[in-house]
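Take a look at this single chain in C-alpha coordinates; it is the form predicted alone.
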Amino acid sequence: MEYFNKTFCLEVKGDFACFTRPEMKVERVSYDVITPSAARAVFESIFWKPAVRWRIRKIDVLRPVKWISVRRNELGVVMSNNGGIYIDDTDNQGGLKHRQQRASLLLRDVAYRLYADLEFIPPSDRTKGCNSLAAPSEEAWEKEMLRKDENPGKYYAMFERRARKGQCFNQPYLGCREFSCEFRYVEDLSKEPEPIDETRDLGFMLYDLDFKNPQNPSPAFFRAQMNSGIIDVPDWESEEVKK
(Lines give C-alpha, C1' and ligand atoms only; values in the text may rest on other atoms or scores of the structure.)
Protein backbone atom coordinates (compact mmCIF):
# COMPACT_ATOMS: atom_id res chain seq x y z
CA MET A 1 0.00 0.00 0.00
CA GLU A 2 1.32 3.46 -0.91
CA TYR A 3 1.39 6.19 1.72
CA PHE A 4 1.84 9.93 1.38
CA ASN A 5 3.68 11.99 3.97
CA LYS A 6 2.01 15.02 5.53
CA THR A 7 3.88 18.26 6.20
CA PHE A 8 3.43 20.01 9.54
CA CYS A 9 4.61 23.44 10.69
CA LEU A 10 5.69 24.71 14.10
CA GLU A 11 6.78 28.16 15.24
CA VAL A 12 9.45 28.08 17.95
CA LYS A 13 11.05 30.98 19.81
CA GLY A 14 13.35 31.47 22.74
CA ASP A 15 15.59 33.96 24.54
CA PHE A 16 18.82 32.06 23.80
CA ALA A 17 20.03 29.25 21.54
CA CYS A 18 23.28 27.44 20.84
CA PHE A 19 23.59 25.09 17.87
CA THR A 20 27.21 24.18 18.50
CA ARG A 21 29.66 23.94 15.61
CA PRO A 22 31.47 20.57 15.92
CA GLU A 23 34.73 22.05 14.61
CA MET A 24 35.02 24.23 17.74
CA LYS A 25 36.74 21.93 20.23
CA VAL A 26 36.88 23.99 23.44
CA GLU A 27 34.59 27.02 23.39
CA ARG A 28 30.97 26.70 22.30
CA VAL A 29 30.23 28.67 19.10
CA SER A 30 26.77 28.47 17.58
CA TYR A 31 25.76 28.22 13.95
CA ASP A 32 23.94 31.30 12.64
CA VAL A 33 20.57 29.48 12.58
CA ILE A 34 18.95 26.30 13.84
CA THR A 35 20.24 23.03 12.35
CA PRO A 36 17.95 20.35 10.84
CA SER A 37 18.91 17.94 13.64
CA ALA A 38 17.88 20.46 16.31
CA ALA A 39 14.62 21.11 14.43
CA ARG A 40 13.96 17.36 14.29
CA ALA A 41 14.50 17.15 18.06
CA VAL A 42 11.78 19.78 18.59
CA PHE A 43 9.23 17.73 16.62
CA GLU A 44 10.28 14.50 18.37
CA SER A 45 9.89 16.09 21.81
CA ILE A 46 6.21 16.65 20.95
CA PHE A 47 5.51 13.32 19.24
CA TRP A 48 7.53 10.25 18.36
CA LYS A 49 6.77 6.54 17.83
CA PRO A 50 8.78 3.69 16.27
CA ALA A 51 6.27 3.81 13.40
CA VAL A 52 7.19 7.34 12.26
CA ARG A 53 10.20 9.41 11.26
CA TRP A 54 10.52 13.21 11.00
CA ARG A 55 12.08 14.79 7.88
CA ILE A 56 12.85 18.52 8.06
CA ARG A 57 11.98 20.25 4.77
CA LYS A 58 12.28 24.00 5.33
CA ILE A 59 13.25 26.57 7.94
CA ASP A 60 11.95 30.15 8.02
CA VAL A 61 14.07 32.61 10.03
CA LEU A 62 11.66 35.09 11.64
CA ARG A 63 14.06 37.35 13.56
CA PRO A 64 17.44 38.86 12.65
CA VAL A 65 20.53 36.94 13.74
CA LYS A 66 21.80 38.42 17.03
CA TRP A 67 24.75 37.26 19.11
CA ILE A 68 25.70 37.33 22.77
CA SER A 69 28.91 36.15 24.47
CA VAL A 70 28.61 34.62 27.93
CA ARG A 71 30.93 32.75 30.26
CA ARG A 72 29.54 29.66 31.96
CA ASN A 73 30.69 27.04 34.44
CA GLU A 74 30.83 23.55 32.95
CA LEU A 75 32.06 20.15 34.09
CA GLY A 76 35.16 18.66 32.53
CA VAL A 77 34.29 15.05 33.44
CA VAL A 78 31.52 12.58 32.69
CA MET A 79 29.69 10.93 35.56
CA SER A 80 30.23 7.16 35.77
CA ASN A 81 27.76 4.51 36.89
CA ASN A 82 29.75 3.96 40.10
CA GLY A 83 28.99 7.27 41.72
CA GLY A 84 28.17 10.94 41.38
CA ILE A 85 30.34 14.01 40.94
CA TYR A 86 31.00 16.50 43.72
CA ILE A 87 31.64 19.71 41.79
CA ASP A 88 33.34 21.47 44.73
CA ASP A 89 36.16 18.89 44.94
CA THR A 90 39.54 20.63 45.01
CA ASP A 91 42.96 19.58 43.70
CA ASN A 92 46.35 19.80 45.49
CA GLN A 93 46.64 23.52 44.71
CA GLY A 94 43.22 24.30 46.15
CA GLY A 95 41.54 24.84 42.79
CA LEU A 96 38.28 23.25 41.73
CA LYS A 97 39.03 19.85 40.21
CA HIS A 98 36.03 19.34 37.88
CA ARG A 99 34.61 22.79 37.19
CA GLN A 100 35.75 24.64 34.07
CA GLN A 101 34.84 28.15 33.03
CA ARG A 102 34.26 28.45 29.28
CA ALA A 103 33.10 31.20 26.97
CA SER A 104 30.13 30.60 24.67
CA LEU A 105 29.01 32.56 21.63
CA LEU A 106 25.22 32.19 21.64
CA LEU A 107 22.25 33.36 19.62
CA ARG A 108 19.71 35.55 21.39
CA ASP A 109 16.07 36.44 20.78
CA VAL A 110 15.49 33.78 18.12
CA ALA A 111 12.34 32.64 16.32
CA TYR A 112 11.90 30.08 13.54
CA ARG A 113 9.11 28.46 11.56
CA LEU A 114 9.92 24.79 11.02
CA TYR A 115 8.40 22.56 8.34
CA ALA A 116 8.69 18.77 8.59
CA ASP A 117 7.18 15.68 6.97
CA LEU A 118 5.82 13.00 9.28
CA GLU A 119 6.95 9.88 7.45
CA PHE A 120 5.09 6.65 8.17
CA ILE A 121 7.26 3.52 8.35
CA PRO A 122 5.47 0.24 7.50
CA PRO A 123 5.99 -2.49 10.16
CA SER A 124 8.18 -4.55 7.82
CA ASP A 125 10.63 -1.64 7.38
CA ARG A 126 11.03 -0.60 11.01
CA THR A 127 14.37 -0.84 12.77
CA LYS A 128 15.47 0.20 16.23
CA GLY A 129 18.40 2.15 14.87
CA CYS A 130 16.31 5.04 13.61
CA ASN A 131 16.85 8.74 14.26
CA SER A 132 15.13 9.28 17.58
CA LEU A 133 15.79 10.75 20.99
CA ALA A 134 15.11 7.47 22.79
CA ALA A 135 15.11 3.85 21.69
CA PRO A 136 11.92 1.90 22.54
CA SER A 137 11.92 -0.80 25.20
CA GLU A 138 11.65 -4.46 24.18
CA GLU A 139 8.02 -4.59 25.34
CA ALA A 140 7.07 -1.41 23.44
CA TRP A 141 8.89 -2.67 20.36
CA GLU A 142 7.04 -6.01 20.35
CA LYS A 143 3.74 -4.18 20.75
CA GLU A 144 4.48 -1.97 17.74
CA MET A 145 5.43 -4.91 15.55
CA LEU A 146 2.10 -6.66 16.27
CA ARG A 147 0.14 -3.84 14.65
CA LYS A 148 0.03 -4.97 11.05
CA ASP A 149 -3.04 -3.00 9.95
CA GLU A 150 -1.69 0.46 10.72
CA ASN A 151 -2.08 3.55 8.57
CA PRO A 152 -0.49 7.00 8.97
CA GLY A 153 -3.78 8.83 9.57
CA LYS A 154 -3.87 8.10 13.29
CA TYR A 155 -0.30 9.37 13.77
CA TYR A 156 -1.11 12.60 11.93
CA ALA A 157 -4.10 13.11 14.24
CA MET A 158 -2.04 12.33 17.35
CA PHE A 159 0.59 14.93 16.50
CA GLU A 160 -2.00 17.60 15.63
CA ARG A 161 -3.84 17.04 18.90
CA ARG A 162 -0.68 17.18 21.00
CA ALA A 163 0.74 20.23 19.18
CA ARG A 164 -2.52 22.19 19.48
CA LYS A 165 -2.67 21.53 23.22
CA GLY A 166 1.01 22.34 23.77
CA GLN A 167 1.76 18.80 24.99
CA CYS A 168 5.26 17.35 24.81
CA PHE A 169 7.24 14.36 26.14
CA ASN A 170 10.04 16.71 27.23
CA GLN A 171 10.35 20.47 26.99
CA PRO A 172 11.69 21.40 23.51
CA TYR A 173 15.00 23.25 23.54
CA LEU A 174 17.21 25.17 21.12
CA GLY A 175 20.50 23.30 20.90
CA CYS A 176 21.22 22.99 24.64
CA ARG A 177 18.73 21.81 27.24
CA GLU A 178 19.14 24.96 29.32
CA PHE A 179 17.78 26.99 26.38
CA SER A 180 14.16 25.82 26.41
CA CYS A 181 11.75 27.24 23.85
CA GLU A 182 8.07 27.92 23.31
CA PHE A 183 6.30 26.25 20.41
CA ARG A 184 3.05 26.87 18.55
CA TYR A 185 1.28 24.74 15.95
CA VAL A 186 0.85 26.72 12.71
CA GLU A 187 -2.31 25.91 10.76
CA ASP A 188 -2.93 28.94 8.54
CA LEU A 189 0.26 30.25 6.92
CA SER A 190 -1.58 33.18 5.32
CA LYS A 191 -1.90 34.79 8.77
CA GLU A 192 1.77 34.31 9.68
CA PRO A 193 4.52 36.97 9.41
CA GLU A 194 7.02 36.85 6.57
CA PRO A 195 10.61 35.64 7.19
CA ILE A 196 13.39 38.22 7.48
CA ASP A 197 14.56 39.84 4.26
CA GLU A 198 18.12 38.55 4.32
CA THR A 199 20.13 36.37 1.94
CA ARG A 200 23.46 34.81 2.85
CA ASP A 201 25.58 31.70 2.38
CA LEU A 202 25.73 29.94 5.75
CA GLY A 203 28.47 27.51 4.69
CA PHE A 204 28.55 23.84 5.60
CA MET A 205 26.17 22.99 8.42
CA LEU A 206 25.49 19.84 10.40
CA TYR A 207 22.46 18.09 8.91
CA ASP A 208 22.04 15.16 11.29
CA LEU A 209 23.69 12.00 12.57
CA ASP A 210 23.59 8.77 10.57
CA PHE A 211 22.44 6.02 12.96
CA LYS A 212 23.19 3.05 10.71
CA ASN A 213 25.72 2.13 13.39
CA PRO A 214 23.95 3.14 16.65
CA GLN A 215 27.12 2.63 18.70
CA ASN A 216 29.12 5.06 16.54
CA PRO A 217 26.83 7.42 14.57
CA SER A 218 28.54 9.49 11.90
CA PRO A 219 27.74 13.16 11.12
CA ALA A 220 26.30 14.38 7.83
CA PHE A 221 26.66 17.96 6.50
CA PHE A 222 25.08 20.13 3.80
CA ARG A 223 25.72 23.55 2.28
CA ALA A 224 23.10 25.84 3.84
CA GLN A 225 21.86 28.85 1.87
CA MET A 226 19.41 31.39 3.28
CA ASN A 227 17.35 33.13 0.60
CA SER A 228 15.09 35.94 1.87
CA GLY A 229 15.05 34.30 5.29
CA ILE A 230 14.17 30.82 3.96
CA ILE A 231 16.45 27.77 4.16
CA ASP A 232 15.46 24.78 2.01
CA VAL A 233 16.68 21.50 3.50
CA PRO A 234 17.64 18.81 0.95
CA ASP A 235 16.46 15.21 1.20
CA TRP A 236 18.54 12.93 3.40
CA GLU A 237 19.29 10.75 0.35
CA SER A 238 20.29 13.76 -1.79
CA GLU A 239 23.79 14.19 -3.17
CA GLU A 240 23.86 17.59 -1.47
CA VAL A 241 24.15 15.81 1.89
CA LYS A 242 27.77 14.87 2.57
CA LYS A 243 28.02 11.77 4.75
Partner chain sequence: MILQALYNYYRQKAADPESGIAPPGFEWKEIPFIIVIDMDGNFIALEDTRKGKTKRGETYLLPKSTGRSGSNSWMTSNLLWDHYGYVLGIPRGDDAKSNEMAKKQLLTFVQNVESLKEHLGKNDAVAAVALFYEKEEYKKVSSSDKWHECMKIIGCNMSFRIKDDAFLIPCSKSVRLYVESLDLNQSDEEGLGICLLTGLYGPIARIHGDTPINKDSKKIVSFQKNSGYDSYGKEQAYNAPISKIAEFAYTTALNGLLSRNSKNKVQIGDITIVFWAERQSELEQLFPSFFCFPKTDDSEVDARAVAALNDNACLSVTDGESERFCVLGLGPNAARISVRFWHESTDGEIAAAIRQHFEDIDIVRSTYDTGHYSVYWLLSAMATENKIDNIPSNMASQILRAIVTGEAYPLTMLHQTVLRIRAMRNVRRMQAGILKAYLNRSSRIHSFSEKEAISMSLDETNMRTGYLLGRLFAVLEKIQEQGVPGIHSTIRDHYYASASSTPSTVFPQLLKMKNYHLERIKVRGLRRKYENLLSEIMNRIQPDMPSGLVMEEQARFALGYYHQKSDFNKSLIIQ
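Owing to the predicted nature of the structure, the values given are computational and were not obtained by experimental measurement. Residue numbers count along the first chain shown, from 1.
The form predicted together with its partner chain is left out here; the points below concern that form.
Not one of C9, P152 and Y207 places a heavy atom within 4.5 Å of its partner chain in the predicted complex.
Of the candidate stretches 113-121, 156-164, 169-177, 100-108, only 100-108 has residues whose heavy atoms lie within 4.5 Å of its partner chain in the predicted complex. Shown alone here, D197 lies farther than 4.5 Å from its partner chain in the predicted complex, counting heavy atoms only. For the chain shown alone, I85 is not a contact residue for its partner chain in the predicted complex, no non-hydrogen atom being within 4.5 angstroms. In the predicted complex, no heavy atom of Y185 sits within 4.5 Å of its partner chain. Within this chain, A51 is remote from the site of its partner chain in the predicted complex, having no heavy atom within 4.5 Å. Contacts to its partner chain in the predicted complex (heavy atom within 4.5 Å) from stretch 201-221: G203, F204, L209, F211, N216, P217, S218, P219, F221.
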